[in-house]
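Take a look at this one chain, the form predicted on its own, written out in structure tokens.
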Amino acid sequence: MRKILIVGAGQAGLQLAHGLLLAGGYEVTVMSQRPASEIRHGRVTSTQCMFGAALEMERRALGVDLWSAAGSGHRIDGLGVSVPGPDAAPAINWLGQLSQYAQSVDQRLKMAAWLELFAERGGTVVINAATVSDLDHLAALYDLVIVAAGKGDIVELFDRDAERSPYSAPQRSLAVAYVHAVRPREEHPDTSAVRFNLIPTVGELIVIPALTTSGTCDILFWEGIPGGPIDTFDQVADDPAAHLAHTLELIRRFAPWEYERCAEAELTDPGATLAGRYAPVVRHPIAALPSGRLALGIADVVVANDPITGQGSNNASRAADTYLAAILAHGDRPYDQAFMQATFDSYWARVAVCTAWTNAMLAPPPPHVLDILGAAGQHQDVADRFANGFSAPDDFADWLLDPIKASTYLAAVTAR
């Protein structure tokens, strides 16, 4: 039986671990920095919205749907965009319909449950904040070591890929609050939807319906351009109440069309806020440990995009799906450097367009993108295609990312 160690208990690490257990023939160990109880009752670690295609991969790997969206109150059926005009009212304001529902489950709730289920199914869980020396020692005991922990000293083992990493500094400051008591948007009160509010020269406010440890909620997520008025959460980072008050004041100031429905928002729990920043980066997938043994990176360890497009958990699911298929197909052959590089290359082929799209969203939108956003308010099929691109980002290469293809597509839509 082949022995595999996965360091990190997030979306990619646990999805892959469950997939290997269900496949059979693998002895799988997951190393988690914290036990499930601490994860569940700790501070929020992320935003997330998993779209239809990624949810399907997740279900296949786990063999079970722990959070069926039917009747749960956190099913997401739409994705909308608002952009203010000169009078601060939305000049662009539309809703695209998703062909497959999406959902957002607080990773404290999700990863704690997945970690417990993994142990119940016979997987080995080790609670340890692994150091490089720990990893080097353990690598001798396993056939394959996969690093799925996107933070900490271990990540520094993986070198930055300068050719695929156009940014060397954070492009947004990030501020998150999980809240109760947000009302639906008046224009679609019966459709639960992610709302992207794009505010030129300032940043983005993203509102995500979600499920947390205390029930259904909404995530208020500010992405601020560095040095701008949203890049001001450092001063309230240690005070959740002040963080929420600052969040709401910025909504009142820069996205007033969202303020009324958010005005009575209350934090879901004492750990419901998060602030920080990081530079988007692609790293080389293979790390050489001090002994010369190798470790393979996955998901955020090797491709960490800005969360502006909500693809982090989706890419993690794609990564786990890719790595699972590669491991199962590899049989009893050694997990050598060639296997590791080929596995990453297969993953990169699935997320290269997604990374290009995300990086493009961090820059001021070019004229053809503004044309698309405007056309989506006039043509429902444009709005729907944009919304469903979040589930299948490769589609954006055929229109959104290319001004000529965009013009051709819009001309065809107008003609129809």
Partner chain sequence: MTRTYALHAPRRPSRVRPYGITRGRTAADRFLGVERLISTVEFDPQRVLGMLPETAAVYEACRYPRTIAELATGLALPLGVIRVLVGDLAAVGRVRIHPPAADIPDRHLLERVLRGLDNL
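Here the structure is a predicted model, which means the values were calculated and not measured. Residue numbers count along the first chain shown, from 1.
Omitted here: the form predicted in complex with its partner chain. The next part is about that form.
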property	result
Partner contact for Gln380 in the predicted bound form: its partner chain, 4.5 angstroms, heavy atom	no
Interface membership of Leu115, its partner chain in the predicted bound form, 4.5 Å heavy atom rule	yes
Proximity of His137 to its partner chain in the predicted bound form, heavy atoms at 4.5 Å	yes
Proximity of Ala363 to its partner chain in the predicted bound form, heavy atoms at 4.5 Å	no
Options 82 to 90, 220 to 228, 334 to 342, 127 to 135; stretch whose heavy atom lies within 4.5 Å of its partner chain in the predicted bound form	127 to 135
Met31, Ser37 and Arg121 each touching its partner chain in the predicted bound form (heavy atom, 4.5 Å)	yes
Residue among Tyr101, Tyr259, Tyr278, Tyr142 with a heavy atom within 4.5 Å of its partner chain in the predicted bound form	Tyr142
